[in-house]
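Just the one chain here, the form predicted on its own, laid out as structure tokens.
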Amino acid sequence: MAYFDAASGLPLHPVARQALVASLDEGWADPARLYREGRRARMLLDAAREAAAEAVGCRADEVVFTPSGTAAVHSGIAGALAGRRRVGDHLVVSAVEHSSVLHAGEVHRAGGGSVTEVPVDRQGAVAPSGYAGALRPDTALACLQSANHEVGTVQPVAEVAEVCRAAGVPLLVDAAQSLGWGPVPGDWSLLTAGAHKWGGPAGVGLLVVRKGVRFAPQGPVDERESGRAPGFENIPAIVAAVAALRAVRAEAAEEAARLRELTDRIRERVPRLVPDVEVVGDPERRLPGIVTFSCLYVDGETVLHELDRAGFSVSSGSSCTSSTLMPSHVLKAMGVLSEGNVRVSLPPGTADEDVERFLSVLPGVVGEVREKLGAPAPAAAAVQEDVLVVDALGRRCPVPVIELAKVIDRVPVGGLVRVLADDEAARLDIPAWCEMRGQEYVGEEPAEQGTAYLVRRVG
């Protein structure tokens, strides 16, 4: 089985496993106690904090260990907002942040605060000017991921940090995807990460709060972890997490070059092997191991199941793989195709032959799924002068786009196809199809049921 979902989590690094087992005998006691066992535990915890600070590029007393990366995000955002409540209650985030950041924003909004989402370009990147325009006198905090978890695009953190610093606004960086590859550049104020992203054990997160940042921990606090992460520290897991971080950093430069060559190969060959595919994300400013593409006329859930049967573990941002039936907020913000989305995120050590086997299997998988979805008769259509109406109501992605593709040649050049659909993914996928196939997307209009999407035939 080829595990190609490293962006979700990595298996425990061998060095982390060794450190975990070794520290179970030494790190079980309360590090706050002065007796021998407590002192041993404290030494392990202090050494782990020093090593984590070195990897991040900060002071040891700025590092807090949390129960997870998500807990670090939630604590960091809540504490920074509370610490600057006298300034205001305005929060700025990018439209493609991890759900943990967006959920924290929802809670802040529900409590009476305001949130501005900075848009991204079609590659998934924010512009520093977008943050500059979003900052206000009452902005308490800005958040920006170091790199996107779905498409791999690396964000201009240093430039955005400079913009925020000039405005006197702290910037929180979610570094979950990138910290294993190297320190986050720029003059940021807060940083979060989760150990399972770099081969540490799940249940360990990092929260870094720079000196001078106003921060007020929320909820009950105690004397542990500067009051920012209450509860007994899981010292063996913390030691293992930091050991894994140091180990992957030692291998990062060589492994990044190798994985980048493999993902470049996928980016280049998938569009040649599989017709009607859009590769998404920045082709240059991206993480080494992530490549994402979307396939027209494909049910993403079926593709994932078929790839799993073929021996490949991948993930997807397609609405067809979600219980909410909503396309990925990242793909939606980018304005790219969401149907048939496949994210390949290669772990360190990925074999060249596994990538070659994936490239040999993928065309057949996509072709079979397309054949199955194309078998039903076309949706009922009625010609009204130069307008063709396609009724795709009640049908999930990618069926509305498939039916559009089947009938576009039945109207004259300049004629319109009016697609009726009530699947939210159609709002994203029909315009994306038009761009890929050289047709004109006119827009949408209300309908008695669902929404009517208008497409003009160009050629």
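Position 1 is the first residue in the sequence shown; the rest follow in order. Remember, it's a predicted structure, so these values are computed and weren't measured experimentally.
Omitted here: the form predicted in complex with another copy of the chain. The next part is about that form.
Exactly one of the stretches 178-186, 245-253, 364-372, 307-315 approaches another copy of the chain in the predicted complex with heavy atoms within 4.5 Å, and it is 307-315.
The closest heavy atom approach of His74 to another copy of the chain in the predicted complex falls within 4.5 Å.
Residue contact check for Arg39: one or more of its heavy atoms lie within 4.5 Å of another copy of the chain in the predicted complex. In the predicted complex, at least one heavy atom of Pro11 sits within 4.5 Å of a heavy atom of another copy of the chain.
Contact between Ala104 and another copy of the chain in the predicted complex is found at the 4.5 Å heavy atom cutoff.
Every residue in the set Val21, Glu223 and Asn234 has a non-hydrogen atom no more than 4.5 Å from another copy of the chain in the predicted complex.
Between the options Gly219, Gly168, Gly111, Gly349, the residue in contact with another copy of the chain in the predicted complex by a heavy atom within 4.5 angstroms is Gly219.
Applying a 4.5 Å heavy atom cutoff to another copy of the chain in the predicted complex picks out no residue from 387-423.
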